[in-house]
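Here we start with a single chain on its own, the form predicted alone, put down as C-alpha cells.
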C-alpha cells in the first residue's frame, strides 16, 4: 500500500506540473493582457474604462507585475508560490494577495459542492436500490425516465426552473442571499438534481450486475431474502462505480458552481475566476486553476484508496504491488 501511495503521489506531482504548464501557455496565448485592457500608453484611450499612461509608467507596471521576465521564470514562480502558499498579488485587486481571495471564497464553493453531493447521495442510493430491485417494473421505468431527464438538464437550467416555481410562483424560498439555511436550498438543489439522475443510474446498473451474479443466486438458494442480499452483499460491491463518480464530481463541482454562484449572487471562487479570466488576472487564474487541479488529483487518490477499503481484492493487489 505504501509503494502504491508513493507511486500515485509521484504521478500526481508530474500531472500537476503538466497542468500548470498547459494553463500558463493557454493563459498567455489568450489575446490581450491586463495592462493592455486597462492602460493605454500615451495618446487617446481607445478602450472604454482604460487609463492613459506615459511609456515610463507603462514600463514600471510591466516590471511591477514581472511581465518582463522570461516565460519559464514566470511559470516557475507561479508554481513555487502555489506550492509554498506564498502566492502573488491579484492584478484586478491591487494590494490583495490571491491567498486572501482563495481563503475567503474557496470554502464557500467547497461547502456548496459538498452539500450538493451529500444531498445527491442521500437521494440517489435508495432510488438506485429500489429501481434495481424492481427491475423493469413501473417504478423502475418511470424513475429512470425522470433520472434521464434530470441528467440531461444543465444545472443553470435547473436553477432557473427552481427559481420560477419556488421563488416566483410559490414564494417559498429566497433567490439571493447566503446567511440563512433557506438561502442554500435552491443553489444546492440546482447542483444536486443533475447528479441524482446520473448517480442513481450508475448504482442501478452496478447493483443489477451484482444481483444477476452467481453468488447472489447461491445466497437466495440457501434461503436468504432479497433485503439480506442487497444489504449485506450486493450493495457494498456495487458502490465501487459510484465512488468513481462521486470523487471527481465533487472536485469538478467546485469549478462548476460558477453558473450557480452568478445566478444566485454567491461569493464563491467561481465568481472570482470568471472575472479573472475576463480581465486576464494572471496570478488569480493560475492559483485558482492549480487549486482546482490539486483538489481533483487528491480526490482521485482518495477514490483509489477507497477502492481498497470496499474491495479486499484490490487491497491485496496493493499489498502485492
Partner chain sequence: MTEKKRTMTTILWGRLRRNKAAVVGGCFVLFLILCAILAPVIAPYSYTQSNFLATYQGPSWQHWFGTDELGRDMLSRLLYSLQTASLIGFGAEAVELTLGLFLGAIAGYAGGLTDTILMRIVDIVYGFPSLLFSIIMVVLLGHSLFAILIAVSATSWVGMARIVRSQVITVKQSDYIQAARGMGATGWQIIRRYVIPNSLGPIVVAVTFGIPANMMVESALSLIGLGVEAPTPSWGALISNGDQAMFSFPYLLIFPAFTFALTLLSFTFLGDGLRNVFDSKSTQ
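Only a predicted model underlies this, so the values are computations on that prediction, with no experimental measurement involved. Numbering follows the first chain given and starts at 1.
Omitted here: the form predicted in complex with the partner chain. The next part is about that form.
### Query
According to a 4.5 angstroms non-hydrogen atom cut-off, is residue 19 in contact with the partner chain in the model of the complex?
Output for residue 19 is yes: heavy atoms within 4.5 Å of the partner chain.
### Query
Is there a heavy atom of residue 154 lying 4.5 Å or less from a heavy atom of the partner chain in the model of the complex?
Contact with the partner chain, yes.
### Query
Hey, in the model of the complex, does residue 284 get a heavy atom within 4.5 angstroms of the partner chain?
Outside the cut-off, so no.
### Message
Given that the partner chain is not shown alongside this chain, does residue 272 nevertheless sit within 4.5 Å of it in the model of the complex, heavy atom to heavy atom?
### Response
Judged by the heavy-atom cut-off of 4.5 Å, residue 272 is well away from the partner chain in the model of the complex.
### Task
Report yes if all three of 130, 266 and 298 come within 4.5 Å of the partner chain in the model of the complex by some heavy atom, otherwise no.
No residue of the spot touches the partner chain in the model of the complex.
### Message
Just to confirm, with a 4.5 Å cut-off on non-hydrogen atoms, which of 141, 176, 114, 83 contacts the partner chain in the model of the complex?
### Response
It is 176.
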